[in-house]
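Take a look at this single chain, the form predicted on its own, given in structure tokens.
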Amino acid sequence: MPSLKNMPKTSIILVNPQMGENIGAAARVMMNFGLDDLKLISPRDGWPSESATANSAGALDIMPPVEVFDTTAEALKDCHTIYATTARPRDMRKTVMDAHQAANDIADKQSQGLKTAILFGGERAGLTNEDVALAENIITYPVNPEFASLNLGQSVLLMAYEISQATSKTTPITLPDGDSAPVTQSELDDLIGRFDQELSERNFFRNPDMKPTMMRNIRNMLTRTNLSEQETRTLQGIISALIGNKVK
């Protein structure tokens, strides 16, 4: 059972951030509310960034080194539950939460010892559909529809505050043992990769142009079910049986 102090913290993941100043602002508000796991996906101006350091008010000097990845999927390998922030409607079935609801859900996951992450899109275009497909849940803010644009640092601030409030009153509970434990993103990626490989070899994607959309739909279906480790292994076994491989 994790203690309150040792509960896993939420990863804040900035996908394709453009301005170092906004990265620094995000780091600053994270430290204000006790978050220190910051990851970047292909920052436009590279990393490290002098402007980010200057705008972080010392936060980047205090928190653990920021991890930088080429793809969003790489940054999520050890995560169990993922949330994507977006104001735009998406043609996907996802659980939609406001910041308060998401923070309470995150606190519940953390109390079970599960690793969570929140994706924030870049300043220019936000998250791609491919990034959103990696998440089980969508977080949206009830802002003025006539002026819905939020600064990246402000967006992180809203979630960081809500998480700090939710986790401060959370009592740890026991993580389910054994095969009922939730699957990690890495294990889910392996399963989806297996579907991709086997379906491609059997000419399932008759129209190559539709393959990205079809694979995104498959990912959304599997992500939405919150698979356990045992269920993931069962699906791997089903695939092996269907293609004629002997299941061990």
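In case it trips you up, residue 1 is the first one in the sequence shown, and so on. Source: prediction; values computed, not measured.
What comes next is about the form predicted together with a further copy of the same chain, which does not appear here.
S.K.: Taking the shortest heavy atom distance, is Asn32 within 4.5 Å of a further copy of the same chain in the predicted complex?
M.R.: Asn32: yes, in contact with a further copy of the same chain in the predicted complex.
S.K.: Would you classify Asp189 as touching a further copy of the same chain in the predicted complex, given a 4.5 Å non-hydrogen atom cut-off?
M.R.: Asp189 lies outside the contact set for a further copy of the same chain.
S.K.: Would His100 count as touching a further copy of the same chain in the predicted complex under a 4.5 Å heavy atom rule?
M.R.: Close contact exists here: in the predicted complex, His100 approaches a further copy of the same chain to within 4.5 Å, heavy atoms only.
S.K.: Indicate whether Val96 is a 4.5 Å heavy atom neighbour of a further copy of the same chain in the predicted complex.
M.R.: Result yes; Val96 sits at the interface with a further copy of the same chain in the predicted complex.
S.K.: Going through 187-205, which residues have a heavy atom within 4.5 Å of a further copy of the same chain in the predicted complex? Please give them in sequence order.
M.R.: Residues within 4.5 Å: Phe195, Glu198, Leu199, Glu201, Arg202, Asn203, Phe204.
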